[in-house]
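Just the one chain here, the form predicted alone, laid out as structure tokens.
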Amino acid sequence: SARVFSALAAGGVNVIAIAQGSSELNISFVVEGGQTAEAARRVHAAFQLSKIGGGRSPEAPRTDVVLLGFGRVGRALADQLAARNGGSRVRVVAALDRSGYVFDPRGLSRQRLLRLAQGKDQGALLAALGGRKAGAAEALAFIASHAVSRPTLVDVTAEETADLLHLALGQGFDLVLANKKPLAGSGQSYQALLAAAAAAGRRIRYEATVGAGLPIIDTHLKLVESGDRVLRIDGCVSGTLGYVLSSVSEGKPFSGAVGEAVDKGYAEPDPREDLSGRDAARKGLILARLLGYAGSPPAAEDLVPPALRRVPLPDFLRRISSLDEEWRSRVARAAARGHVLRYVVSATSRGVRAHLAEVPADSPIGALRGTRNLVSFTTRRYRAEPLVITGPGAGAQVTAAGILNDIQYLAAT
């Protein structure tokens, strides 16, 4: 009955009289004649009576997660969620990849998720692992036709998914993004996505877009909520570039450092996506938009020479060793001045910059090693000594943990 009357109250429906017997299986109530249709719509929506499997009244609402993408991060997240099923109201009900989807409205068991992950590790696609062939839009429409509970779409792709996200919002999904591209396009597309969420009464969370599992977005939110004003955000936000540049500073050949980053899963299979600086620039743009920046996306400093940017990947990997001597010289010149090379992002309300910089070797940024990120907040309160957050900035497990934090927040509120 609480679910019925909460739905009616949310719609402004005035209940004149109520009658309920000893059983909770039936209830009668009286409303004004002019509110009859709205009362019926509200009750139908509350119990999802128009959807497959609707009408159930669970003891407590669950949050049903749909994974858009089932790569390394998606599989790590699925395992983390499944491991919590005993004490969590969050469950994975579907996973999508480019071939199709796997869906069970009761939730995908940890055993099934493990089998799917093993199949993906061996190169199989979901459609060949017991799933259905379908495009992502068709898959979401089918899932939304079922009585899923508080559905949340988690985008762990690296694709241009803005159109699909708009569809998902219209179908009642909240969004959790690890994919930066929907938030780092034109200002118009960014504002359109936020407006679509507001119009649909849905929420968007995107902590993992900037610092993997580090609480960068959350820190900004808490600073603002406390009455502080963030003036600028600076730091190293690419675990891949951090790994490569700290490795060459320690004497490794540039080609070897890039190869190791790919082998360890820190870089994309085509490392030029990371070496271009575009990924770091997208993170900087997301941070700048938090500060009110309304300009166009920045042009990142590309670490790949123009002659190698468009050649086929095998050619690039074969020729990358030709860059080793140039990078050795760069490192030596910086070291002679007591500096090291780092890829730095700076964001303010007026602009964004993503570039290779020499920094003092004994500075907090210069001391970074491996995939560690560092982000500093200069605010009205932290002006003389900025607030610094540092920690691992790459890897499937830490990124999945950041996504999980966003999901748990939505499930709890």
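All residue numbers refer to positions in the sequence shown, first residue = 1. Being a predicted model, the structure only gives us computed values, none of them experimental.
From this point on, the text means the form predicted together with a small molecule, which you will not see here.
> Please identify, from 206 to 214, 227 to 235, 296 to 304, 241 to 249, the stretch that has a heavy atom within 4.5 Å of the small molecule in the model of the complex.
Result for this chain: 206 to 214.
> Between the options 200, 141, 158, 147, which residue brings a heavy atom to within 4.5 Å of the small molecule in the model of the complex?
Only one option qualifies, and that one is 158.
> Does residue 13 make contact with the small molecule in the model of the complex, using a 4.5 Å heavy atom cut-off?
Residue-level check for residue 13: no, no contact with the small molecule.
> Give a yes/no on whether residue 345 approaches the small molecule to within 4.5 Å in the model of the complex, heavy atoms considered.
Residue 345 lies outside the contact set for the small molecule.
> Can residue 389 be called a contact residue for the small molecule in the model of the complex at 4.5 Å between heavy atoms?
Residue 389 lies outside the contact set for the small molecule.
> May I ask you to state whether residue 404 is within 4.5 Å of the small molecule in the model of the complex, using heavy atom distances?
Residue 404 lies outside the contact set for the small molecule.
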